[in-house]
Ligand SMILES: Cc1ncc(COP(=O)(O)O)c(C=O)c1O
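Take a look at this single chain, the form predicted on its own, given in structure tokens.
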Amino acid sequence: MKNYKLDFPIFENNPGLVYLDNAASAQKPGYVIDGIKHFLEHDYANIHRGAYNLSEKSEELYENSKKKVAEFIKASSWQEINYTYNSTYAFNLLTSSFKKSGILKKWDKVLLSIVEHHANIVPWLILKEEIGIEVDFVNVDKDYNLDLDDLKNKLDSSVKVVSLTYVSNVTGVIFDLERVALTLTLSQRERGLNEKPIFILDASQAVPHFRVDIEKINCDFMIFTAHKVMADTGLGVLYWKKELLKKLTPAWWGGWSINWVRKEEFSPSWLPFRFEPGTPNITWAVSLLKALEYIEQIWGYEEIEKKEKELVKYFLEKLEKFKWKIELIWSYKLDNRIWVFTFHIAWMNSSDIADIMAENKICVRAGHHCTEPLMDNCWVKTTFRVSLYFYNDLEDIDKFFDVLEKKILI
């Protein structure tokens, strides 16, 4: 297979670097870096109200970025795409708008999975404090797949929102969200409810690795962050269905989110711009456009998934030698996962392991990975995580296991 590291300047500028922290953030290909540079040198200006060429060109690129996102996730319109600053901001924007719009009231229930990132937990807990909603968690089975029976049992008439990750940033397991969507619909019919719960999807660990099809999943909202898919930091994506967008009142106002202002009143802007107050992050919108174009250039997700399966298979084969000495938080199955591997070594602090790896130019992540409810559920406090991407190779995996064997499991 092609050596994709050649497309990423970070590896040429850091000889010997083994970057295994891709679940935290992905490196940037030269195509994205050059695209940002070209934009800032040739086309940059503020957007929306400028009548001059630079402003119009910048606005065209900003909209093209949203059109490319809509194309990638199969949204019906680019106007269903809102940009925020990251996934965490997007969740807070969404929950605050739910509160402002009266979508959620006291005693309404929100269902999450036990593997959720804090970004999809804390904003709901804030609403619990502020307006008295209830937050409950759906368990996972022994292989860390979502327990659909537990979901069914907890789907009563008080459940107004189901908000789930597509892929866990700890276990790497891909949830079967098409079955989740079907379960929500069937539960609505069986219980004779007028509406099914609002279905929210956190796709931050999915979009970098495989095509996310919202037509099949039938979610109402979807969130992901751009920097994990090779764009720059400072940009989050929030998809929402138009009919729901019309029902929500923004939590914050200003700038392009309003049409006019008087001393005692103001007029909201049209959709979707009323949810993007102030100057947006234009440069990083361009970076996401370039990142998605780069994926298209390398034969798309088919190539990424092909490389991923090769790496996962090889990693699990190498792990077989050590599985009695370290605990892998997930099963050893090859299918239905991305390349995230999280470990626990009972007699050693995970931060010490990360330090040893760092001394050998290997980048891994230690801690609870913003998933403390899952860590509590697994009876561990800290772990260390290896997460690969398609620009990694077999040699990276060999170096990791060599240091693990000779300097940690000695």
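Don't overthink the numbering: it's just position in the shown sequence, from 1. Keep in mind that what you see is a predicted model, and the values were worked out from it rather than measured.
Beyond the structure shown, there is the form predicted in complex with this ligand, which is absent from this document and is the topic of what follows.
Enquirer: Can you work out which of T88, N218, S96, S187 has a heavy atom no more than 4.5 Å from this ligand in the model of the complex?
Expert: Of the listed residues, the single hit is T88.
Enquirer: Could you tell me which one of S287, N82, T165, T171 places a heavy atom within 4.5 Å of this ligand in the model of the complex?
Expert: It is T165 that has a heavy atom within 4.5 Å of the partner.
Enquirer: Could you confirm whether H117 comes within 4.5 Å of this ligand in the model of the complex, counting heavy atoms only?
Expert: Although this ligand is absent here, H117 would touch it in the model of the complex, with heavy atoms inside 4.5 Å.
Enquirer: Quick one: does L20 come within 4.5 Å of this ligand in the model of the complex, counting heavy atoms only?
Expert: No, no contact at 4.5 Å.
Enquirer: Within 4.5 Å, heavy atoms only: does H227 come near this ligand in the model of the complex?
Expert: Yes.
Enquirer: Within 4.5 Å, heavy atoms only: does S113 come near this ligand in the model of the complex?
Expert: Heavy-atom contact with this ligand at 4.5 Å: absent for S113.
Enquirer: Among the candidate stretches 200 to 208, 175 to 183, 100 to 108, 275 to 283, which one is within 4.5 Å of this ligand in the model of the complex when only heavy atoms are counted?
Expert: Within 4.5 Å of the partner lies stretch 200 to 208.
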